[in-house]
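What follows is a single chain, given as structure tokens, in the form predicted on its own.
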Amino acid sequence: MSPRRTAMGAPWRTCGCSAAGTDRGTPLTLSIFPTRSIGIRRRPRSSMTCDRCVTCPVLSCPVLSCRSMEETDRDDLVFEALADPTRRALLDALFQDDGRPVQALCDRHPEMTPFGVMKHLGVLEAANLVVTRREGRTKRHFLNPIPIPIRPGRCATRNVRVRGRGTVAAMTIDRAAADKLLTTTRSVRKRLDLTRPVPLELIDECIEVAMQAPTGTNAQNWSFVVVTDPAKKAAIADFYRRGGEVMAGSGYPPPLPEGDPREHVMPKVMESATYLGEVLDQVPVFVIPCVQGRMEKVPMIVAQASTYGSILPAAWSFMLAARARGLGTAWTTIHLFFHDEVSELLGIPPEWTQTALFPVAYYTGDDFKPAHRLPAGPMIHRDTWGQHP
């Protein structure tokens, strides 16, 4: 039996599965390239195919059939193909300008020989990440995002339209990794490595990431003061210790109700804060996020909230970026008892407000765990205060 041809002339591959020619087929299962949304047309039902055969929207030819190898083997091929940076660069080129012939890809990557480009394209074709179409003597290559595996429950998703089948999910973020980063970014004090230098290039990277955070009316009225000078660090550490004495004299921390689960943790928190004060000047780098404006001169709550809301998300993003790079930080504000003195020390203009102090160092040990927190239920109010889930 010769394969049926589509309107564009590309031959169909028969799937040959037991579901072919029956009223029932196996469910459609798609996996989508993480950076591209595509529309996928299902192939019309025929006696030659089952319900899992899918049509490529560009080529109108089958790109996934039920007779393909086991999912795990297919995933291995895909990830093996994606492991090479050159092949990823070729996919990026096709993502930007689909349907390129080999020569166009060679022109984009002059460091590679045509043979090398064809070899990499062969690997991508074997993994079904690239599909081809001939136009006369020219063979054009198209990005096929379908084989990238989706892991339900692991990846954050966005919707991709599939004609006739509603939506399917496209992988965008490894949700397990994101959740781990968010739930294990701790204030690190006792585990800061005081002996290992921190490259300033790494700090700059973290700040660049932080500056992608939301900012009110796109003001971007933030600055980050990076302190490595030993004398200035020693002076700031002294202000920190003096601020701790002020807090202790004011009765901080306030007493907690009997049986409160935070009660047994607070002594450890105060102990680690005291330790940080003792060694603060030895921490390799200080980062102080600042925002333009002085809150004590702003009477309106909306203006205060907007101003702090333009810097605190960036400050938290800095901590996350540092954690992702093996750096420990602690969100501290005790030095702000002497805000103006620290500003004068560092030359910060008087119209700018310091919002935190991050001592930054590599951390010791292997990893961090999520902290013990109060149950979320009583903290959630639905429609009306006090209406808990």
Ligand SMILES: Cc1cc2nc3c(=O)[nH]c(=O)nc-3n(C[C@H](O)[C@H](O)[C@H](O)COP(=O)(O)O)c2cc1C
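Please read all numbers here as calculations on a predicted model, not as lab measurements. The numbering used is simple: start at 1 and walk along the sequence shown.
There is also a form predicted in complex with the ligand; it is not shown, and the following applies to it.
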Would you mind picking the one in 300, 269, 248, 295 that has a heavy atom within 4.5 Å of the ligand in the model of the complex?
-> 269
None of 334, 342, 361, 321 but one has a heavy atom within 4.5 Å of the ligand in the model of the complex; the exception is 334
State yes or no: in the model of the complex, is some non-hydrogen atom of residue 276 no more than 4.5 angstroms from a non-hydrogen atom of the ligand?
-> yes
Evaluate residue 186 for contact with the ligand in the model of the complex, applying a 4.5 angstroms cut-off between non-hydrogen atoms, and reply yes or no.
-> yes
Using heavy atoms and a 4.5 Å limit, would one call residue 381 a contact residue for the ligand in the model of the complex?
-> no
Using heavy atoms and a 4.5 Å limit, would one call residue 376 a contact residue for the ligand in the model of the complex?
-> no
Across 237-257, the residues having a non-hydrogen atom within 4.5 Å of the ligand in the model of the complex turn out to be 240
